[in-house]
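Presented as structure tokens, the chain that follows is alone, the form predicted alone.
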Amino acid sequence: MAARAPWQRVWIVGASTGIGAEVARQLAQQGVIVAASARSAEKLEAHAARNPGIRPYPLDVTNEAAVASCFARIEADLGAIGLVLVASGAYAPLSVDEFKAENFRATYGVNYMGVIHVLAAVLPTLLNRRKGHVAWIASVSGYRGLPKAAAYGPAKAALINLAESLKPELQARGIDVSVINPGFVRTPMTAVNDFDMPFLMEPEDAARLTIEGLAARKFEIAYPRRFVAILKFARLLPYRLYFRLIRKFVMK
């Protein structure tokens, strides 16, 4: 079981599958009231039926007005939200033969602008209260460019940069900021990969580490440890050596 949650009410966007769904389940087991949002109302209802404490609020995170309306409805129904976690995401491998603007718009619309829409909805309220915690799932793929991740990786890198940009100001106003950078986790999103995924984790373990990091108010929550260490070391390599390693180990 993850560390004891310090929040009474949490809003998780992207809570129908993957890490978001498992975080919602583990928090509900601890007695936290979880407002769970995702596009699939059917999956949310099934998730809530299995886990008392989860309240479904279907939502398309790419619709800014709908996000703002959903947050207002959640707080009216449940009370003040202490933690907002954006776990929604979209991924598809993208080769240079599939380089179309529409593929980038679709990925950025969910992965990056989805977070922006949530922050735009919740920050005025949290700033007025001078307390709260906002967090979102980026990825270790945001550390450095990788083949076939030309749409996904840059969006995740932008989310890491966004967290770094907002942290000082929001912390000064009483609001915690966390960015979660997972490696490979066994979810429907990674199921499309046709390559060996090193250090593949189960969603239960990823969720536990996520909750532990959020409860400790950590800025970056990254896992698994060995994979994170390898990729952070790769950020220090000069381009010539980095691209040589990519050609040898990634594009073989």
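Quick caveat: nothing in here was measured; it's all calculated off a predicted structure. All residue numbers are counted from 1 along the displayed sequence.
Here the subject shifts to the form predicted together with a small molecule, a form of this protein not shown in this document.
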Even though the partner isn't displayed, in the predicted complex is R39 close enough to the small molecule, meaning a heavy atom within 4.5 Å? yes
Quick one: does N51 come within 4.5 Å of the small molecule in the predicted complex, counting heavy atoms only? no
Can E45 be called a contact residue for the small molecule in the predicted complex at 4.5 Å between heavy atoms? no
My question is simply whether I33 lines the interface with the small molecule in the predicted complex - judged by any non-hydrogen atom within 4.5 Å. no
Tell me the stretch among 124 to 132, 143 to 151, 104 to 112, 163 to 171 that has any heavy atom within 4.5 angstroms of the small molecule in the predicted complex. 104 to 112
Taking the small molecule in the predicted complex as the reference, which of V185, A207, A222, C70 has a non-hydrogen atom within 4.5 Å? V185
Only one of L83, I137, V118, A155 has a non-hydrogen atom within 4.5 angstroms of the small molecule in the predicted complex; which is it? I137
